[in-house]
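Just the one chain here, the form predicted on its own, laid out as structure tokens.
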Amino acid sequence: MPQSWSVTGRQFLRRGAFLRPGNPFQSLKPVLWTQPLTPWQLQCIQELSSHRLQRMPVQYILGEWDFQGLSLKMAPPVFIPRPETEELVEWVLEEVAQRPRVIGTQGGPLILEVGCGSGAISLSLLSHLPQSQVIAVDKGEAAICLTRENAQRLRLQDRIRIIPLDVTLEGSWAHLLPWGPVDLVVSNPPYVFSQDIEQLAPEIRSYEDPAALDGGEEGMDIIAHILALAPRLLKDSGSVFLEVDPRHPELVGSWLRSRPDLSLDLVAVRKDFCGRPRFLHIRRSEAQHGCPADT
């Protein structure tokens, strides 16, 4: 790398000028365009470039990433939030704005996130809904610690309860009952079909927690647990919002029809920005049953 290469190493490394959305090279001050890097800065860039050549995700290399306008700390092996998940958050915000009945008695909804990871979903909802409260659960210690740190960085720690919890364990959700019932359950659960794991990019297979990805034979293992337990915690007409595999709308719809005792209906399916059916809206205690709306 030439010694006269312009843009300071600190700016490049800390802000990810070439790599992070919203921080292009052109946004740097003109004085930095011709300022040579110091030997220390060059060494730092070479070390981080070596990590990237080993297929480490850019988010882990930079140590932070943007999600819904928030700068979140990132650390392996915690699941890295994807751009599609920002669309899930936007849909939840639309629903809250359009349906006053999801608003809780304190002026904002009480939201449960299952599998909080870095806290991206929970913290972005808190930042957009000033009166809301969130219960965030995850079975991974690293995820719990990272969500707690990100909440403190964003000064949102007073409105979020972060609880280590494995929803697949019998009776585990009884720990949440004292804080319920909730208005919304939101989750980007592990939904990759087990046979598809080996087809994922090396960045994903080698660095991210497999437990945050592998959803079992049909990608339904954690989804089924969430749906089976949601009626115990949801208010009447409360909603579940899920990010899923494009094959899941049909599978989830069939699964719900086989469990009428849950009183849950798949009411809408939304496509992601690539046109794939990616998000599900499931509602409790709907009086009328019918085909979900494709939005």
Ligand SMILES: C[S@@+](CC[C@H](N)C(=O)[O-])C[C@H]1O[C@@H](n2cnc3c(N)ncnc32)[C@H](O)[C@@H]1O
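In case it trips you up, residue 1 is the first one in the sequence shown, and so on. Computed from a prediction, not measured in an experiment: that's the story for all the values here.
If you look for the form predicted together with the ligand, you will not find it shown, but the lines that follow are about it.
Proximity to the ligand in the model of the complex, taken as heavy atoms within 4.5 Å, picks out 204-212 from the listed stretches 123-131, 91-99, 204-212, 149-157. Proximity of Asp196 to the ligand in the model of the complex: non-hydrogen atoms within 4.5 Å are absent; the residue sits far from the partner.
Proximity of Pro190 to the ligand in the model of the complex falls within the 4.5 Å heavy atom cutoff. Using a 4.5 angstroms limit between non-hydrogen atoms, Val167 touches the ligand in the model of the complex. At a distance threshold of 4.5 angstroms between non-hydrogen atoms, Cys116 is in contact with the ligand in the model of the complex.
Looking at 220-247, the one residue that comes within 4.5 Å of the ligand in the model of the complex, counting any heavy atom, is Ile222.
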